[in-house]
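Structure 1 and structure 2, given next as structure tokens, are two forms of the same protein chain, each shown alone.
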Structure 1
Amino acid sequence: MKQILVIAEIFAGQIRPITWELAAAARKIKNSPPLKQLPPAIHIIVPADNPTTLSEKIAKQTGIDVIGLQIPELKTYTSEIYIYCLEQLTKKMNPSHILIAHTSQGQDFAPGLALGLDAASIPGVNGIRSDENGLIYSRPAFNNTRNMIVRPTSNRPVVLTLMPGIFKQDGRKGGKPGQVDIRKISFAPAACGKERIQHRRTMRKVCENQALKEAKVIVAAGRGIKGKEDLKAVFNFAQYFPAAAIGASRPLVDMNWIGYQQQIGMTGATVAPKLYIACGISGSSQHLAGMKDAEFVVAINKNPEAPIFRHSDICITADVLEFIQAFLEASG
């Protein structure tokens, strides 16, 4: 029987919540029209040096059978150990789909695993549906302005990394837990014999930015602000709102125009203010990941096709500096 395999995301000994989304997507694939006739089995694979407790938790929460992949050498994630051990395990399992989180960890090992299995590889999946030939997948492309639709060539397994926040977790409560099966695979590659990637330490750059978390209004600046000097206009704009904080897209932080504590997005802060005003921000998926739960979103962008407008309540096509000036004048 074909198998849908889900690789649970484990970080610092904890189950990452994206694991529940992967499980939900696996069910969706299993129940999709093209596979309904001959539904594949689902297994969730939990790689860890000691996977029993984690596996039981996942089996209980999802009701899906779990394989605890015990890797004695695995103290902390490295791509080398994951790719080797997961390849050993999965190539014997006749997988049709392998579901991995589109996170810093998943993106690090998925492509290597896909090649090892001669599989197709579709990264950043944000939609799964079917046409007359089977399942097809959408994924962002061209700076998030388009979705690209692809499918694997026939009869190949496919490795999919799934965008976080798209596939809603089942919300399943109670029910029969899945079975847990522990399998041990040691990291012992023939080619090099020893680990070529050694994990030294995990560190954290800065703590949460409390002001951003608590702000009722966030005025965020992006690359549409052309110079560091022009940030002042955004600061003036923000001052107009009570309890407002300044946010920024990543490139401004990368250019050292503004501190990392101000960065919003996948690799920055996650915020949910009442009002979010995006000033010259294109609306990449990585930025949206940090602000999609805002109550009301206003976007100012000079390009009417900017992706941010699809994720805004109010769209203002204008030069951001000119608009801010006009706003401050209008408000007296």
Structure 2
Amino acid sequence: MKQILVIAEIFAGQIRPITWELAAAARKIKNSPPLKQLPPAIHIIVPADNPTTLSEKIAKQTGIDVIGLQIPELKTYTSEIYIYCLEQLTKKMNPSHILIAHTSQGQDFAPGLALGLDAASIPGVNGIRSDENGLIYSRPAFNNTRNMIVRPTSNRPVVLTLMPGIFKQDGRKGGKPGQVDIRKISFAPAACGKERIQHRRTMRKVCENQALKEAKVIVAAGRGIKGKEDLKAVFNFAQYFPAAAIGASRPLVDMNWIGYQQQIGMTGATVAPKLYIACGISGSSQHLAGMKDAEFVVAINKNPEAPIFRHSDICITADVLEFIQAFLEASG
């Protein structure tokens, strides 16, 4: 029987929340019309040096059977250990799909795992649907302004990395927990020549974005503001909203127009304000992952097809600087 495998996202001994989203996506695939007649089994794999406690927690919360992959050498993550050990396990399990988080860690090892399994690889998946010919996946393309629709063309396994914030958690409460099976695999560098990667230390970039995370109102600037000097207009605009914090999309940070501590998105801060005003932000999937929990979203963008509009409560089609200028003039 084919199986759907979910690789739990574990970092510093903790379960990352994206794991629950991966479980929800696995259920969506299992219950899709193409697979419903002969539904595959779902297993969640937990790679860790001591996976028992983590595995039991996941099995209880999801109700899905869990394989705790005990890897004594996995004191800290390296892609080499992950790829080698997951490949040994998954080759024996006949998977149809392997679901991995589209995070820095998932993006690091997923391509190598797909290569080792001779599998199809679809990164950054933000949608799953089906038709009479099978499952179809969507992923961002053209600098996140369009979605590319893709379908695997063979019966090989499919390795998917799923964007955070796209697949809603099941919200399962109670019920029978899944079974836990602990399996031990040792990393054997000799089998792949020699150990090529050694973990030295993990460094976190120092940033102070706690105020941004706690803000009730956020005014965020994007590439649509045209120049660094135009940030002043956004700051003046934000003053009309009590205690508003200023945020930004990644391009502005990359161009050194604004500090990293104000970046919102997958590689920045994750925020949940009552009001989020996106000024000239197109709405890449990475940015949307950071502000998806905002209660009310207002987007200002001159492109009527900007992805941010699909996630907004109020959509204002206008040049953001012209809009701000008109707003400031009308407000006196």
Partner chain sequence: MKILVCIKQVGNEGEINRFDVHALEEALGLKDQLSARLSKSVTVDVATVGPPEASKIIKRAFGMGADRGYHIVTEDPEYVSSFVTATRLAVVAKKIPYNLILTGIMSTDMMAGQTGPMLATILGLPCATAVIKTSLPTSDNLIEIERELENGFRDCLEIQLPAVLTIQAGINTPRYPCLSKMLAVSQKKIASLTEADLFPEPIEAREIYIGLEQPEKTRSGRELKGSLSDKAEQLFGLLKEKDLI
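Under this definition, the rigid core comprises the largest set of C-alpha atoms superposing within 1.5 Å between the forms. Fair warning: this is a prediction, and the values are worked out from it, not measured in the lab. Just so we're on the same page, residue numbers count up from 1 along structure 1's sequence.
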Margin query: Of these two forms of the chain, identify the one that is the form predicted together with the partner chain.
Written below: 1
Next item on the list: Answer yes if the Cα of residue 284 shifts by 2 angstroms or more between structures 1 and 2 on a rigid-core superposition, and no otherwise.
Entry: yes
Check: Does superposing the core leave residue 314 with a CA shift of 2 Å or more between structures 1 and 2?
Finding: yes
Margin query: Following rigid core alignment, is the displacement of the residue 263 C-alpha between structures 1 and 2 equal to or greater than 2 angstroms?
Written below: yes
Next item on the list: Look at the Cα of residue 218 between structures 1 and 2 with the rigid core superposed and state its shift in Å.
Entry: 4.0
